[in-house]
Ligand SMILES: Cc1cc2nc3c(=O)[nH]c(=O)nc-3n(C[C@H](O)[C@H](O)[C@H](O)COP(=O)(O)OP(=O)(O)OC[C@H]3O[C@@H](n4cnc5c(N)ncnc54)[C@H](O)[C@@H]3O)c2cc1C
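Quick setup: one chain, the form predicted on its own, written in structure tokens, and binding and motion questions come after.
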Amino acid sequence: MATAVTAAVSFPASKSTSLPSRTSVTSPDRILFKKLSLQYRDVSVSGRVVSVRAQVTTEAPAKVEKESKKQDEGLIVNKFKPKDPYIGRCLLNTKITGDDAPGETWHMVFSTEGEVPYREGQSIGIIADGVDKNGKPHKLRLYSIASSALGDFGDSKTVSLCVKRLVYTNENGELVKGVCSNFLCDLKPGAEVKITGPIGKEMLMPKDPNATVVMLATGTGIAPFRSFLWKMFFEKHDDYRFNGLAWLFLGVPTSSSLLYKEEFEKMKEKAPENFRLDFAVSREQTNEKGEKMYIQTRMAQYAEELWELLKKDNTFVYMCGLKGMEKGIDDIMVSLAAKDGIDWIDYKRQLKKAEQWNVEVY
């Protein structure tokens, strides 16, 4: 039987723009050849024409299926569709931002009775009650799941969301309320909720329990990472024990906007060697240059360390939240990579292909 061996090969950086190689090498014990018909060819040898018989063989290309580095075995998607959603019930709905925070964020738990099996990193759709201005049912809105697969109650029968109430004044001076976010934030325990999905594979956790997992979140982008961290540090699993490094960067405008702060600090106390926690509070913190502390500003303080981690094949980066942070992070990495003669955009493309750079921004 042929045995496939995968090796990660890293070449030392130089001042050229060549990229570090991430190469998979397959070394079979036996190479299969495809036999072709015998061919006869006339050739000239020392002035004489002779007929030479040759058997031509070509190597049959081995079909290698790419194996995902993420926890995707048995993954279920789109079990419930908009025309036939699952009807859950609100069990809990509580505001988790301070009264002086710029905007409200709520944590909510819905019953599923185990009928909506999901994984950490997936999303569900919510269809708000009522109809739109055309008299049609509201379209679904997608939300990242904020609970582990076991759920907040540990019985695999609930799903949780982290939702910011959308309220703003438009250019005409009119107050506009987001339909689905306000529907969710106003839910009372016992109310019914139309749920679709689950969906998504991009943000699934890595399989490797020894991986370095760097999580970059702004605001409610924290949702999938709360699900990761609960599985890593609050739960016990027969088939999974996290022994790597989880490093969370959370960016918010004010300290009263910090989400799940007590939970994360408890995790830090529980596993100080495996969990690093950094907050970026833009309206209250500054760096040594007096610049506002956004996620990219906080990351810049660890720039060299982060770059070294990104050179390793078992480092996975996950980014969730406002789209604006992506450019800021690219700006940091461009200059770091350039010091090693590497084009960051091309290198990031390699990381994405290897499922090590995962982005879900809006």
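Sequential numbering from 1, following the sequence displayed. Not measured: the values here are computed from a predicted model.
Below: the form predicted together with the named molecule, not depicted.
S.K.: Within 4.5 Å, heavy atoms only, which of 194, 268, 141, 79 is in contact with the named molecule in the predicted complex?
M.R.: It is 141 that has a heavy atom within 4.5 Å of the partner.
S.K.: The named molecule isn't shown here, but in the predicted complex which of 201, 261, 207, 164 has a heavy atom within 4.5 Å of it?
M.R.: Contact with the named molecule in the predicted complex is made by 164 alone.
S.K.: Indicate whether residue 75 is a 4.5 Å heavy atom neighbour of the named molecule in the predicted complex.
M.R.: Result no; residue 75 lies far from the named molecule in the predicted complex.
S.K.: Considering non-hydrogen atoms and a 4.5 Å limit, does the named molecule approach residue 179 in the predicted complex?
M.R.: Close contact exists here: in the predicted complex, residue 179 approaches the named molecule to within 4.5 Å, heavy atoms only.
S.K.: Do residue 112 and the named molecule come within 4.5 Å of each other in the predicted complex, heavy atoms counted?
M.R.: No, residue 112 sits far enough from the named molecule in the predicted complex that none of its heavy atoms falls within 4.5 Å.
S.K.: Within a 4.5 Å heavy atom cut-off, is residue 220 in contact with the named molecule in the predicted complex?
M.R.: Looking in the predicted complex, residue contacts with the named molecule include residue 220, since a heavy atom lies within 4.5 Å.
S.K.: For the chain shown here without its partner, which stretch in 238-246, 208-216, 88-96, 143-151 has non-hydrogen atoms within 4.5 angstroms of the named molecule in the predicted complex?
M.R.: Going by heavy atoms within 4.5 Å, the stretch is 143-151.
S.K.: If we check the named molecule in the predicted complex, which of the residues in 341-362 reach within 4.5 angstroms of it by a non-hydrogen atom?
M.R.: Heavy-atom contacts within 4.5 Å come from 360, 362.
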